[in-house]
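In the form predicted alone, a lone chain appears below as structure tokens.
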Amino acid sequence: MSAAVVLVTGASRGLGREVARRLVDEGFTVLAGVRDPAGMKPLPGVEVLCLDVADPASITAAATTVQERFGRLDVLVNNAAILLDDRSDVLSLDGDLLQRTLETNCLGPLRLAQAFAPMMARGARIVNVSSGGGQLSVPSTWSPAYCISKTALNALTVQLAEALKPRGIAVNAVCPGWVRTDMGGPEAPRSLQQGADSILWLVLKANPGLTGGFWRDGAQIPW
């Protein structure tokens, strides 16, 4: 049987790149979804797929390519995200900035799930990389557009989990924690490896029957 096929979005750097690298080591056929393939530093064993998650036409083209080349997708890791409003305040939040953030951080994963679910079989998994900033149980006030988008992504996770449960496809959200990446910054307490571990647990170790949850380090956390 050929290797399982996984698509990791936002894989040119940071968590996405680390997850893609480690899935190659696990024997997966790894597709790295990136906006600018020419600008991505080569990653051995990873096939680069041109993909802009904020562009519906790009998503459609990527899904067509995967269908034609592999005929299936076993794992979708929705990792691509943007953070545009560092240290802003919800009362001064620009609506256009919020819309741009939602387009990438929530509508992108929705459109990807819609495009790729038809080629996913029982046992497939969708992992939405979220954030503690999206929790309603522990409200966050930093970067409100980003936090709101992750709350929306969590809600989307629940909806997708219910929609795909009859087909045996697991959909979960994961908080990798505050990680030392370009987005997280050098003061973040968690290493790239620790953040990737949280994501990879859902890909590699979680019971395939687990769906519709929010996870960090292999343990469920409240919405």
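All residue numbers are counted from 1 along the displayed sequence. These figures come from a predicted structure and were not determined experimentally.
Keep in mind that the form predicted in complex with a small molecule is not shown, yet the notes after this line are about it.
Novice: Which of 130-138, 91-99, 68-76, 116-124 has heavy atoms within 4.5 Å of the small molecule in the predicted complex?
Specialist: Single hit among the candidates: 130-138.
Novice: Flag residue 35 as yes or no: does it have a non-hydrogen atom within 4.5 angstroms of any non-hydrogen atom of the small molecule in the predicted complex?
Specialist: So residue 35 counts as contacting the small molecule.
Novice: Quick check on residue 51: any heavy atom within 4.5 Å of the small molecule in the predicted complex?
Specialist: Within the cut-off, so yes.
Novice: How about residue 154 - does it come within 4.5 Å of the small molecule in the predicted complex, if we only consider non-hydrogen atoms?
Specialist: No, residue 154 sits far enough from the small molecule in the predicted complex that none of its heavy atoms falls within 4.5 Å.
Novice: Examine residue 168 and determine whether its closest non-hydrogen atom to the small molecule in the predicted complex is within 4.5 angstroms.
Specialist: Close contact is absent here: in the predicted complex, residue 168 is far from the small molecule, nothing within 4.5 Å, heavy atoms only.
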